[in-house]
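Each of the two blocks below gives one form of the same protein chain as structure tokens; they are labelled structure 1 and structure 2.
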Structure 1
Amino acid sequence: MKLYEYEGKILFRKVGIKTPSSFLVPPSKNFPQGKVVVKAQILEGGRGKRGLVKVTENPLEVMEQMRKDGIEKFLVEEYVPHEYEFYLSCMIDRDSQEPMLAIGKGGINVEEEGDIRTRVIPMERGVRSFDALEVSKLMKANPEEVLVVMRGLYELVLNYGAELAEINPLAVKDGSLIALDSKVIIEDNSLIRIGETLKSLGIHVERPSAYVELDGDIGIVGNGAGLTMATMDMVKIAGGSPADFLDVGGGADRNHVKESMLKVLSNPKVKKVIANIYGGITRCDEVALGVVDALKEVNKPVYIRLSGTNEEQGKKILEENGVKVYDYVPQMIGDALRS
């Protein structure tokens, strides 16, 4: 799950990394006097190259121009003059399966520069002062501040489930460090563990669904890629034609199930939906409530096999709302194709 810049900076501040003072628009309309930076809040890279990061003394005018490009959310941030810019990130090294810090010259062309130094830091010892000393010499920055930033990024990877925690640029001003941008990607499966923590910090958490649209007319919903693909195969063998692949993932709650079902039900090609759910960390009663909520908005035939955690509660909710529940998958598929 990708975070917006302002959300990434919420986490930066949580782990001690300094960021410029800023506010999100909307809702605030009280703009500071003087030079500020207006930043479009989108989940895409290359904003600077696209003119979506602007230094200005007239933020309203800049935002109005960006709105013509479809931008709806902005971060208005303090302008920070500085001497140097660097790139600093942390991620898991694929070979060692240990956290790895990467450092290079900052800026919008960091990928093209190619001069990136890396250092693998084992989890058993964590970031130490000597790790920061070499980096501080390169940055001409205070070693203690460098250590704080390195440890902060490291903590985001270890304790907040970040696949990537990146600062570009990391500004050096009078030897002090300040993160002018953030790029944080949270590993999807870790949302089960830290989702509530993120929500408490004001970060919007949306559990992702793996969704692929196909050419058929039977919607397919499952939890787990293997179960979903097996269901698609059984529908195809029985003579049906799947309209999609949709895996709601593990631990899906009522709202996520509703959104996932609506994605399938709203497809005009879909005539009916087959859902195959095995509840482990996914609760069957939450699934049932999500299905019922979705059917209140788009009513099409739904055939569902529900088994596992809170199975009886889930079946009762569906049956009370006129949705037939199956224990045997071939019977469910047969009834769906014959109707």
Structure 2
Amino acid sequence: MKLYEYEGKILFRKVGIKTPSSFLVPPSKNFPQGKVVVKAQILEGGRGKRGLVKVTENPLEVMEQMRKDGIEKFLVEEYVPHEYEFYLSCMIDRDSQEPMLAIGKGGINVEEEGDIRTRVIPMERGVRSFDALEVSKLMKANPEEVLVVMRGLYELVLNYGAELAEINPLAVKDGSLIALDSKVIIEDNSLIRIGETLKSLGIHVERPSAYVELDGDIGIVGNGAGLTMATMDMVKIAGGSPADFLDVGGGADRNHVKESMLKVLSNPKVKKVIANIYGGITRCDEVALGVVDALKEVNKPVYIRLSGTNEEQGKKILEENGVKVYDYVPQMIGDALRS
């Protein structure tokens, strides 16, 4: 679950990381005189490149402009002049299975340029002053302040369920550190532990969705992440263009299949849908009923492969309703793309 910039900064302040003084719009209406930064609060990245972060002396006018692009929420921040900018983040390193800090020169292209140093810090000992001393030399910043920021990000990963806690840019001003932006992604699984705490801090909590929208025109539905991804890839290899990734998960029932199918079918970009179902704990008859229910509401061509538990009943239901069923996935994809 990705947080808005202002929500990430709520967590930053909670763990002692300094942020510029700021006003969230709405509800704020009055702002200090002079230079401020207006930042659109959206979950997509690349705001800088899209002109959605602006330095101005007239925030009301800038927000009015951005509202025309459909932006509804803003953060108006004091402008902080500074000497240097850095990238600093913390996440769990999957190889060493320990938290890892990543440090680099800040900026928009930090990930592409790949000039990032990583430092695994074992949970057993946590962040220590010597870790900070090393980093402070690079940043030309006060080691004690560096320690606070490093420990803060580390704590967000270990105690607040962050799978990524990132500051870019982290500004250095007279040796002091200020987080100008935040990118915090809360691990969906940790919401059972941390959800209530986040809510009490004023952070939105929403159920994660398995739906990922893409650019193409062929809807993709599958059960199981691997099978769904493989289906998407095969469509692409065969010359098609997937419109989404939607894994209905294990043991999906009639209603869940119907809702999932409708989500894909009602996307106006989708011209047809390819569904790949391998029934293990999922029952093919339940899937078939859900597909038929969905098609009664939005009718578009559906190509479906059904195999496994209760396969015969599932096929019968679909064929009686005029939906073509396949056994062999490459054949289904071939037919779908030719039509």
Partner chain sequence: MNKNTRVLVQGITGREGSFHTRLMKTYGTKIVAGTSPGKGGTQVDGIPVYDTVEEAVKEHEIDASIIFVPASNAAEAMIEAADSNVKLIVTITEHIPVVEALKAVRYARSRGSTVIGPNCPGLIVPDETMIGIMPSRAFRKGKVGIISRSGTLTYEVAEVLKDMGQSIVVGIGGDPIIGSSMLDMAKEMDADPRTDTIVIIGEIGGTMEERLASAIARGDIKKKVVAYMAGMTAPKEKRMGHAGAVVYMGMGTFQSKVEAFKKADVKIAKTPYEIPELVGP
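Take the two forms, find the largest set of C-alpha atoms that superpose within 1.5 Å, and that set is the rigid core. Remember, it's a predicted structure, so these values are computed and weren't measured experimentally. Residue 1 is the first residue of structure 1, and the numbers go on in sequence order from there.
Between the two chain copies, the one drawn from the form predicted in complex with its partner chain is structure 2. Lys173 is not among the residues whose C-alpha shifts by 2 Å or more between structure 1 and structure 2 once the rigid core is aligned; its shift stays under 2 Å. Core-superposed comparison between structure 1 and structure 2: the Cα of Phe12 travels less than 2 Å. Once both forms are fitted on their core, a CA shift of 2 Å or more is seen for Val292 between structure 1 and structure 2.
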